[in-house]
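Just one chain is shown here, as structure tokens, and it is the form predicted on its own.
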């Protein structure tokens, strides 16, 4: 009996030893979305539908950089795979597609989802924060997403709409003092952020016109113009989406209404405006804002580098703002993955951005605000004017940048010095 018990004990011990060896043999890199050869990231964007114009170039731009990265060794020998799903800019679709990316495709992180409503819907229904899934470098400037307690795994990258409105206000104070100012804004979170920023900046409007998302069009634009004319506005700010800008500038050109236009960064997307069929010439002399260099500035080392890669990846394509932003996002993501360690996890990826994100090299001419207590991305803009071909260029040929926050902080001219492009444009 004792001999039988000893034999059983020996067998049990052997099984336990085998299990122990099997557990210790599991590689440390066996994290969600990470294998010995690959790191999987997921993106939802409107690849089709009315909102797809221009924005559907972002995934291809990101992939172009990741392909370049992979050909040059990837991230510690792992290739970065980007899985893209079409959400058609519909919140319910964004929720469904994001669930697929997390549950079916098992991505390590979500990358650059587009739109305030979509990101909010995903946060409420999918809850990436509860699942510990990083949501990196979202394509919306809504200031609320930088609230770390509410969105602990979400990282913004674009300056907030509050920041933009504050900087616009500073520019108006310096250049249009005493002029009558008009404002067109979208009546949702987008516009609410803008109003908060203008209030902080102390801008007094002769007239404010709100429009509901989806209502913008030629007929609506004619009514807007009537209101701005009645108020005798000298400067009209268009703080809406590009389709609203297209409608406004197109109808204004027909009616020969020509105040000094000032375009928000979203509505001033020349690529999208051109794709709506409105001639680029209607943008001429309008004032615009951007955190990244002019896409025609081939003397800029980042613009030149990204445009060369994109030209090889997508021959005959146009290098524009959406392409630059898409490639810049991929470039920053690569640095975050590299900084996350040889065996990256979701936690180490977020810790890398928290500790090193503010020093990541990227094309922006303004600093980022990442830290252990902040998920704020870029913090400002430079001011430019549109050429007859619809290209935004710095006024006077020199970039003058402004930085601020989404609160009551001052708007200041920036002395930020951008990090030089790493060797071969690869993370180090």
Partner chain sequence: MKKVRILSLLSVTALVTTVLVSVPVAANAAPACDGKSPIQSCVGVTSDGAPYAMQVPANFNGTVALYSHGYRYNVDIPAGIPLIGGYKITNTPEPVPGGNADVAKYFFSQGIAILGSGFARQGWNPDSAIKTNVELIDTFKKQFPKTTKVIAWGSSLGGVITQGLAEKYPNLVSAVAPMCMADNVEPQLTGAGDFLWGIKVLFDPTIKAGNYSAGAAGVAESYADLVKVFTVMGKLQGGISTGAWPDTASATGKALAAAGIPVRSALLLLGLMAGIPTQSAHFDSISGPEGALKLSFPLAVSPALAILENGTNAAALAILATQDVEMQAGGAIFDNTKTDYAARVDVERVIFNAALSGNTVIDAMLGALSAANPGAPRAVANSAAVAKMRALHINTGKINVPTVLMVGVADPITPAGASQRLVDLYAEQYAAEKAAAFKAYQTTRDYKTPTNKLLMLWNTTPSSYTKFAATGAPITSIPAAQGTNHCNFTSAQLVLVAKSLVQASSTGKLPSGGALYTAVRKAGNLSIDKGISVPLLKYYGDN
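Take the two forms, find the largest set of C-alpha atoms that superpose within 1.5 Å, and that set is the rigid core. All values reported here derive from a predicted model rather than from experimental measurement. Positions refer to the first chain, counted from 1.
The same protein also exists as the form predicted in complex with its partner chain; that form is not shown, yet it is the one meant from here on.
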Report task. Go through 105, 308, 354, 189 and name the one with a heavy atom inside 4.5 Å of its partner chain in the model of the complex. Result -> 189
Query raised in the report: Quick one: of 298, 258, 124, 218, which gets a non-hydrogen atom within 4.5 angstroms of its partner chain in the model of the complex?
Result: 124
Query - Partner-proximal stretch of 172-180, 243-251, 321-329, 82-90 relative to its partner chain in the model of the complex, 4.5 angstroms, heavy atom - result: 82-90
Requested in this report: Kindly confirm or deny that 100, 120 and 210 each have some heavy atom within 4.5 angstroms of its partner chain in the model of the complex.
Outcome: yes
Query raised in the report: How about residue 71: is it within 4.5 Å of its partner chain in the model of the complex, going by heavy atoms?
Result: no
Report task. Please run the contact check for residue 50 against its partner chain in the model of the complex: heavy atoms, 4.5 angstroms, yes or no? Result -> yes
Query raised in the report: Would residue 347 count as a contact of its partner chain in the model of the complex, using a 4.5 angstroms cut-off between non-hydrogen atoms?
Result: no
Query raised in the report: Using 4.5 Å between non-hydrogen atoms, is residue 199 touching its partner chain in the model of the complex?
Result: no
Report task. Go through 251-268 residue by residue and record those having a heavy atom within 4.5 Å of its partner chain in the model of the complex; state none if no residue qualifies. Result -> none
Requested in this report: Using a rigid core alignment, state whether the CA of residue 227 is displaced by 2 Å or more between this form and the one not shown.
Outcome: yes
